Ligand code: NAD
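One chain comes next, on its own, written as structure tokens: the form predicted alone.
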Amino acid sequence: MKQLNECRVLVTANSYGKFNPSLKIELENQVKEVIYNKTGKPLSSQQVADFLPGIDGYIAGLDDIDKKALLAADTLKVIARYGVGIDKVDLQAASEKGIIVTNTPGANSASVAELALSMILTLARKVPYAVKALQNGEWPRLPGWTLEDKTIGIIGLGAIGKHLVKRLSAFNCHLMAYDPYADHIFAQKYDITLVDLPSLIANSDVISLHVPVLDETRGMVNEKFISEMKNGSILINTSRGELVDEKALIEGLQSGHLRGAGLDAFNKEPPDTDNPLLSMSQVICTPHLGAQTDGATNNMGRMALDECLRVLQGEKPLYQVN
């Protein structure tokens, strides 16, 4: 087994060390060489494959790390995901090659929840439309919402969902959640009504998605889902683009059935510039920046660095997912 100072590490997480440059210095001081992704975008499968030969550790962003890419991994020991999502990593292919995959659970939960909350508030008050109207010389009187007495439905009551609940609890709104493995003690403490999915869809003024991409969640927000949402309701997705059928969402927005949508994730990232969602005044689109805060990036950077070095030193990681 190589000594740590003989190892080469690939870092493709674009925000790694952005707020805390000492993480990069620490990594560079401990290993032989660090190679960075300088494209500013997640890598394709082929790009990953081009980087991997001779790489021992990989601190990964939202790259396509599929079986084809991993065929090029001749010395790779660990993929330390900078973030919690692992849907872009072929875990079976990694396991077959003896590659350990880790993630950083909980590191970005508060930041993602705060982005979701900001989208809810912004759409409730029609801020994007108001800003554009004022820039065009208009002075509209727009009918906004208060969150008080509105029903906020949260799909997925994990770490991010819980952080969102804590923040929403100050707004005197009604909290509803669907999660097959819900924390009942937490739900009772924050007066959350736990319901089945159809009930949440039908009764929520706002629905916020906080679930991973699984077989049962992929494309869950489809035409049927949207048609069963309350007329004039809002959809928030700060999780993964694969959860939402964008065609169905566009139709729901164009018809006026939905009041608006807040999207931090898309089916294709970055989305095509002609994607209709990008030009709708009732939609907030952000470039998958839920975790792009000082607190989140520092937490994820530290956890990913520690996990990568643990494995390269022959130690057991804390957050292995395969």
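Rigid core (definition): largest C-alpha set, two forms, superposition within 1.5 Å. Treat the numbers as computed from the prediction; the structure is a model and nothing was measured. Numbers follow the displayed sequence, beginning with 1.
The same protein has a further form, the form predicted together with the ligand, not shown here; the description that follows concerns it.
Check your understanding: At the 4.5 Å heavy atom threshold, is residue 160 in contact with the ligand in the model of the complex?
Key -> Result yes; residue 160 sits at the interface with the ligand in the model of the complex.
Check your understanding: Is residue 104 close to the ligand in the model of the complex, meaning a heavy atom pair under 4.5 Å apart or at it?
Key -> Outside the cut-off, so no.
Check your understanding: Does at least one non-hydrogen atom of residue 239 fall within 4.5 angstroms of the ligand in the model of the complex?
Key -> Taking the distances in the model of the complex, the answer for residue 239 is yes, it comes within 4.5 Å of the ligand.
Review point. Is the gap between residue 179 and the ligand in the model of the complex 4.5 Å or less for some heavy atom pair?
Key: Yes.
Review point. Thinking of 208, 252 and 258 as the candidate spot, does the ligand come within 4.5 Å of a heavy atom on all of them in the model of the complex?
Key: No, none of 208, 252 and 258 comes within 4.5 Å of the ligand in the model of the complex.
Check your understanding: Among the candidate residues 155, 234, 192, 117, which is the single one with a non-hydrogen atom no more than 4.5 Å from the ligand in the model of the complex?
Key -> Of 155, 234, 192, 117, the residue with a heavy atom within 4.5 Å of the ligand in the model of the complex is 155.
Check your understanding: in the model of the complex, which of the listed residues (283, 291, 43, 27) lies with a heavy atom within 4.5 Å of the ligand?
Key -> Here the answer is residue option 291.
Point to revise | Segment that reaches the ligand in the model of the complex - one of 140-148, 108-116, 123-131, 244-252, heavy atoms within 4.5 Å | key: One stretch meets the cut-off, namely 108-116.
Check your understanding: Judged by heavy atom distances of 4.5 Å or less, which residues of 214-230 approach the ligand in the model of the complex?
Key -> Residues within 4.5 Å: 214, 216, 217.
Review point. After the core is matched up, is the C-alpha of residue 85 off by 2 Å or more between this form and the one not shown?
Key: Yes; residue 85 is a residue whose C-alpha shifts (by 2 Å or more) between this form and the one not shown when the cores are overlaid.
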